[in-house]
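As structure tokens, one chain now follows by itself in the form predicted alone.
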């Protein structure tokens, strides 16, 4: 059995084909019935044309019951199509109804559905044009990410999902426990985590970075790509409680090498999207975000500009009355600031470096000025920050001091400090939120629409 993508690449030579898929539309004109079938292999449908009078009884019965959403198998000849917008169609001679969809209850009839409604039926929304296209782009971006690193000799490391360490020092973590906390509370007792499964407080990881650093200090160039979790009570279009992160780490590398890697990586991902997902991106450009392809092409062909945080704030202060959040040295740059820098100041992608140490995590290497750290954020038009990274603090005493300054107990990070005790070396890395990437590439507005089953505040269905 060939996929619809494969069938549509053939010549209309009259060959017999079997097309299996789901009915997108059905219409009838003077005894001729047209079924548009899609199997998810590509954006386009294949049209199957039936002359009802020539069908056997089983096929006529199947055709009568095959409404929108039904799974069917159509057999026929591949011929040229007289219809506009398609070069071929299937002149069908038989139809098998594999799975019926009751038109009275099937929620995806041929009409415009809001994204809010489709989130309520996340198990069915991949059958729509938009979410089928999102899924294909997401698949291709994941493949491109792995290909990029594998071709450069990086080792893929599976870092743990359950951890006792907080990589960000943020405290916004989901707890993992097998204790009956309700029963303990009713009994008026305090929780003894020594009796818990892991013998201590444990959480879902917010990042694989600390663990992947350990393998960086043995294998050189490594990366992890997996789910991460943040118990942040943010009900916005930009936040998820469960999301995927791509986190490379390179040994003997300082900030400039890290910046170069990030630029090369983004350009490779964009090339894959533009070249391998052209049909889906054409749809997003027309229906979701006008000018999308042009904006992505511009980033792919650009040399990323560089600017220190201090210089970036100076640029923002020139137009401080234009912003809702007034910029000042020491502030955390907001999306409106990042978009202004990329869209108005440098007119393209920008890497901002050397942020105030108070804004960044404990593991970022301190600069000699005592005020800033060797951090970098990669900013792109329309989205703002797409990558965050840094050169890591590889000096033992400096790292301990940074932990204490952030209110962290160095004893809880003994294994991480061992990496600075034994054979320490400069190393750098970054994190790319995969869903943020998919939002950027597809033009989708809400991050909950670029992950198959979104997890957010009060949302854990499916």
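Computed from a predicted model, the values in this text were never measured in an experiment. Numbering follows the first chain given and starts at 1.
Below, we turn to the form predicted together with the RNA, even though it does not appear here.
S.K.: Tell me, yes or no, whether residue 213 is in contact with the RNA in the model of the complex, where a contact means a heavy atom of each within 4.5 Å.
M.R.: Result no; residue 213 lies far from the RNA in the model of the complex.
S.K.: Verify the contact flag for residue 409: yes if a non-hydrogen atom of it lies within 4.5 Å of a non-hydrogen atom of the RNA in the model of the complex, no if not.
M.R.: Residue 409 lies outside the contact set for the RNA.
S.K.: Is there any non-hydrogen atom of residue 54 lying within 4.5 Å of the RNA in the model of the complex?
M.R.: Residue 54 lies outside the contact set for the RNA.
S.K.: Answer with yes or no whether residue 388 is in contact with the RNA in the model of the complex, where contact means some heavy atom within 4.5 Å.
M.R.: Because a heavy atom of residue 388 falls inside 4.5 Å of the RNA in the model of the complex, the answer is yes.
S.K.: Partner absent here, but in the model of the complex, which of 145-153, 330-338, 302-310, 125-133 has residues with a heavy atom within 4.5 Å of the RNA?
M.R.: Contact-bearing stretch, as computed: 330-338.
S.K.: May I ask whether 181, 262 and 441 each come within 4.5 Å of the RNA in the model of the complex, counting any non-hydrogen atom?
M.R.: Heavy-atom distance to the RNA in the model of the complex: none of the three under 4.5 Å.
S.K.: Which one of 219, 164, 345, 83 is close to the RNA in the model of the complex, taking close to mean a heavy atom within 4.5 Å?
M.R.: Partner contact (heavy atom, 4.5 Å) among the options: 83.
S.K.: In sequence order, which positions of 431-454 have a non-hydrogen atom within 4.5 Å of the RNA in the model of the complex?
M.R.: The stretch 431-454, when checked against the RNA in the model of the complex, contributes 431, 432, 433, 436, 446, 447, 448 at the 4.5 Å heavy-atom cut-off.
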